[in-house]
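A single chain comes next, written as structure tokens; it is the form predicted alone.
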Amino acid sequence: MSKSIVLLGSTGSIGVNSLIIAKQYNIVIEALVAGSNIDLLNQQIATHAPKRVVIANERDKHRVNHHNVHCGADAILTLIEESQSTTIVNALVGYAGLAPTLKATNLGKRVALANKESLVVAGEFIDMSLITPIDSEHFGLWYLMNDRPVSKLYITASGGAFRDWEINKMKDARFSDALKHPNWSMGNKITIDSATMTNKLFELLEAKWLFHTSNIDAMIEKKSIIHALCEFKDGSTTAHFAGVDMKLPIAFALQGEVTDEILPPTDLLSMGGLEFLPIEAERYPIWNIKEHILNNPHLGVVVNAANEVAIEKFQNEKCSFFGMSDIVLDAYEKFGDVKASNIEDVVTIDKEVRVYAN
């Protein structure tokens, strides 16, 4: 019998690549969930013939070429509950991805997770045995570790849109400048998070929950050829080289084990020199809380909520580029004593932080 999946966030870059891999391995698409890119969604419906479709807004419903269309966040949860698939691919953006992750794992379904915020906000309350990360860094770490005794884990960062800017010019940077990522084409939120290094902070928190260690760090590797490194207890370090392409982690998340060629092999000679650089708090102020949050990961909910508010303010020109970090760090200090004991507390804290940050 063919494997089937439910794909949340089908029109984003992870969603599009997931459909390519699904086609390659004859994986049935039971349902598609998308936002407002209805033209692309209609193409996906024509190719993959899902049984159900969920979109964000009722006003777009008449444009969707499907007989079974539902709308809104609650419809996603109902879909997960009623679906036959045992694997849910969660490529939704931001806090909106948390409820579907919780719903799926509470039902014992496996989640191929590209929604970082789920683990950042509520890693403590999610069954990690049901999570397979779709992320080149965490995939790289998992690939390298291989049950050998590890002393430290490293992930790499591109440095984002402003890594080569003079720091005094960064304060005048605009939203459109921050979207010019040097290596990847991604959605707005993750590209902004890349420029502030919040994305990498989130990935460190994800790694903490996935691999049960706080002994994790990140550094800049401008070419995004090395995604992860493992330092072993014997003193050796191994690196994971792969092209700038998410199909490899997606293939492993959907198939479990992959032996076919998914990417062309890395061309070491054309790569030239590689350079590792430190992530400096002067350029990336969020890095000031790195050690503290790795030891207090329950505060991820505070950083995420304040960060989502800050990005919106930056986009609407209500704060500067560095103003985003100011908003997040201020909320982090203000809510430093909060600790959720359950998922309801997480939801309450999230709301309170958003009100404060606004």
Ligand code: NDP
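The shown structure was predicted, so the numbers you read here are calculated from the model rather than taken from an experiment. Position 1 is the first residue in the sequence shown; the rest follow in order.
Keep in mind that the form predicted together with this ligand is not shown, yet the notes after this line are about it.
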The one residue among 37, 320, 315, 296 placing a heavy atom within 4.5 Å of this ligand in the predicted bound form is 37
Looking at 64, 329, 28, 56 here, can you tell me which has any non-hydrogen atom within 4.5 angstroms of this ligand in the predicted bound form? 56
In the predicted bound form, does each residue in the set 132, 248 and 253 place a non-hydrogen atom within 4.5 angstroms of this ligand? no
Where does this ligand sit in the predicted bound form: which of 275-283, 257-265, 80-88, 132-140, heavy atoms within 4.5 Å? 132-140
4.5 Å heavy atom contact, residue 101 to this ligand in the predicted bound form: no
4.5 angstroms heavy atom contact with this ligand in the predicted bound form for residue 114: yes
So in the predicted bound form, does any heavy atom of residue 243 sit within 4.5 Å of this ligand? no
Residue 92 near this ligand in the predicted bound form, any heavy atom under 4.5 Å? yes
